[in-house]
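As structure tokens, the next two blocks hold two forms of the same chain, structure 1 and structure 2.
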Structure 1
């Protein structure tokens, strides 16, 4: 049974860890907003370096595009968004590095599911009058202002002073990246403080605006995407025979990409486990063949008193299946224990579902049946007279 135990243990442990990871990622995507669409010049899935020249030639997206999209019947709100990396943020003796600064409008927190925990959110006047105010993520607040409130303090960005008016509630991470390590300022202020260098290929592709679009409740993402695509093609003057000069990205793209990656790992693990199961199945077959040889007289006696070939076949096949199922049951228990042990000592979280247990039993039963048929048929086909003479 050892091969079956190892195979089922591997399958259950890995599947439970993958399932836990899937649920964690799904919850993170949901927290960001599964009803969001991002209008950008580039696709998330990926464009190789050979396409950068083509992407750089696409027209920039503008705040005016967001205003036009907001008027669509399937759109709740659309906002302009832009960002860039900061080297170091300092306040007194404290500093954080590699944070980012984002520029958007007063609807940013609503669209991206952020909550202002202390202080206040932007107002429309802050954006229109280019007020140098900002809202910081909880990571920056904790590390720059560990012993005092951040609201009302000043930070210096690119040689300019920003007054902190609010702090976002902690949101956690998404695919290993912190969602709390940034400062948000009005996009009108961002344009003033961080003018985009037009000369570099990278800045022309990734340095402009993207448009965050929130679909109305009850609207299908596909329908909203179609409306946005039609509008942007009209605004860019694209004929019916011209391809889009923009991309519409959704959270589902990330989920599909993530699942395609984990599916490869899943297939690899199942293949490795299948080898263990085959080895275990061959072991069961050999043991059953030995059992048939050792119990030849028993088979002859059973046939002599009226046992049919089917009776003998069922007897040995059931024994084979029971051996495999016992190994599968032990493997399931070990697999669950191994998954929970890994969860206890690492950030990975296990999630054991009922279908995994059924899969473990199904694998075990299949191995027992497949590798038990030959010994069982061999036992059933024995001639009773020759079996009685067997020493």
Structure 2
């Protein structure tokens, strides 16, 4: 009984958490945009620190590459983008810490689905003429300019003055990180104000440009990926026997990674569930065996007045199923409470769906049948005379 309760509780709780996580992650990953490809030195999923050396040796990706990629037939637009962490950003008495500064061109907002809420977007000229202008995320806007308009004000980044020309509309969070906690400046300005620290492996791998590529509408993402790969191999002069010296990241590889993680989760649940249900089942078998022994006389009487073996079998089987279902029901309630509790105290969101409840009931009913069959058969096969004699 306890085993069944524990088993069903864990199954329901974990399943609903995974289900909830599935929804948020799927939503979030989709928010990257299914038509976006990121050309980078590193892969989003498989980079271990051990091959940092190899990655650092890869050629930098440059704004020129973005320009060349934009010309491909399957590509709508490609933009260079880079970013750096900022210590502290101040305006008068207000400050925000741990924001970042991003460098890109006038197509950044469009490609990354940002909307300029007030002020204006970059122009081509801003980028070409290295104008020290910036667009800030809504988080920075509300924290640095709580009671005044941000547009037109100056900010100081690393001692350089940047004029705010626009504010992005709030976008929310991605996997727990704010998407509104940055300031965007032209990459030409970024190169001047934030020269890349040479030398460290980390900066050589992660410090340079990524190329954000938006595929043409109606184009298969694989097709675009192939075109870009071919072009980059040519630009890097790679022979056919050489591996790629760049990575093409899409939301799909994040989804794949997530899938493989949750698959492990599923296997774990199956194992926990199986063990505790077996334990619970054995418990039920015990209870039923005791019950059969205690009620030997009753079985004899029932048989004497006309119960067949099958009647007795059904009676005890139903009892063990009911027992298991009660355990299952308690488990379902506990599981939902647990899931609810976890989502109340943590950022994980649980989502209980109907099929899980059915699954919980199905599981416990099967346990009831499987472990009830032996006691029930034992009851059914009792000889009525012996059973009546039993005290």
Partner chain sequence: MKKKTDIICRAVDVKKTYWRGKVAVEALRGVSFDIKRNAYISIMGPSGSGKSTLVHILSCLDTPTSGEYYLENALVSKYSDEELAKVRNIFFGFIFQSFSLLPRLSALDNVALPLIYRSISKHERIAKAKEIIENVGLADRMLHRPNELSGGECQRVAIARALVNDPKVIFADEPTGNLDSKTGAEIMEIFDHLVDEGNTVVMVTHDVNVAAHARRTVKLKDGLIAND
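Just so we're on the same page, rigid core means the largest C-alpha set that superposes within 1.5 Å between forms. Since the structure is predicted, the reported quantities are computational estimates derived from the model, not experimental observations. Numbering follows the first chain given and starts at 1.
Given these two structures of one chain, say which is the form predicted on its own. If we ask which form is the one predicted on its own, the answer is structure 1.
Any chance the CA of residue 306 moves 2 angstroms or more between the two structures, core superposed? Yes.
State yes or no: after fitting on the rigid core, is the Cα displacement of residue 116 between the two structures at least 2 Å? No, because once the rigid core is superposed, the C-alpha of residue 116 moves less than 2 Å between the two structures.
Using a superposition on the rigid core, decide whether the Cα position of residue 157 changes by 2 angstroms or more between the two structures. Not so; residue 157 is displaced by less than 2 Å.
Please give the CA displacement of residue 384 between the two structures, in Å, after core superposition. Looking at the C-alpha of residue 384 between the two structures, the offset is 10.9 Å.
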